[in-house]
Ligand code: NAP
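Here we start with a single chain on its own, the form predicted alone, put down as structure tokens.
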Amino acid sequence: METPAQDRTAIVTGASRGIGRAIAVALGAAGGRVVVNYNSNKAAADDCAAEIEQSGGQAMTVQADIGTAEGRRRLVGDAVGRFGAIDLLVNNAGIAPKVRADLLETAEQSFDELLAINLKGPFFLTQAIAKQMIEHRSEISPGVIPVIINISSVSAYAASVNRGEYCISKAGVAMMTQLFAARLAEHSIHVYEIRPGITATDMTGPVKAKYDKMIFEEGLLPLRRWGQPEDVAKAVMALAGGALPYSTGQVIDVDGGFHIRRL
């Protein structure tokens, strides 16, 4: 059963820029109601919300650090207070290490910070939203399948020894997806994981030259181009629109073919 995107009421975390912004804008352009979550960049979040409303959608911004319990409570409370029952959660917010340190030099503070934002936050936000979806199922538009989408990374399985804490956080998101998919299936809540590859965002900006060489000269990717935030947004829109009604726990690779093992 397909779910028209205009019937969606969505929370998108980390939506002020990059992949999150592209997802929020796409949902808004389809007429959805979008909660634009951000942590520090209010101006960018306001700009994203304005773009959504100009395209015909509805939007609100909520400042919340999802790595904290207080931030998650405020995000859920404000979202439900404005739009009512949430039927789509996109766990997109995430950070990279401030310093790309060798695995043997990884700082405990960096490890704790990344796990809090990249894994603990999405885990407990999903828990809260899942309970809300179950409790308020009758308030969700008829025919709409509640969906939770976790944005992870190829780093869930590709080892980078100079940012081990990031890889571990994304591997955790992969298992988190499987766990919630299994637990929530009885409530007809579908859970998916989208794994972006090398994508042109602020996070990859500092290593652009390195990846340019790997993509265009060394043939790292079968599809020889950078991924764009809009590539991930299109995958989200397909899932939000009910394109996989008999699937849950599915991993969607948006990586230019990086996951293909080649000789």
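Because the structure is a prediction, the values reported are computed rather than measured. The first residue of the shown sequence is 1; numbering continues from there.
What follows is about the form predicted together with the named molecule, which we do not show.
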| query | finding |
| --- | --- |
| Location of the named molecule contact in the predicted bound form, chosen stretch of 135 to 143, 101 to 109, 165 to 173, 77 to 85 [non-hydrogen atom, 4.5 Å] | 165 to 173 |
| Distance check, I189 to the named molecule in the predicted bound form, heavy atom within 4.5 Å | no |
| S40, heavy atom within 4.5 angstroms of the named molecule in the predicted bound form | yes |
| Contact label in the predicted bound form: Q58 to the named molecule, heavy atom within 4.5 Å | no |
| The named molecule contact at G32 in the predicted bound form, heavy atom, 4.5 Å | no |
| Candidate from A238, L223, A69, M203 lying within 4.5 Å of the named molecule in the predicted bound form - any heavy atom | M203 |
| Residues of 185 to 203 having any heavy atom within 4.5 Å of the named molecule in the predicted bound form, listed in sequence order | P196, G197, I198, T199, T201, D202, M203 |
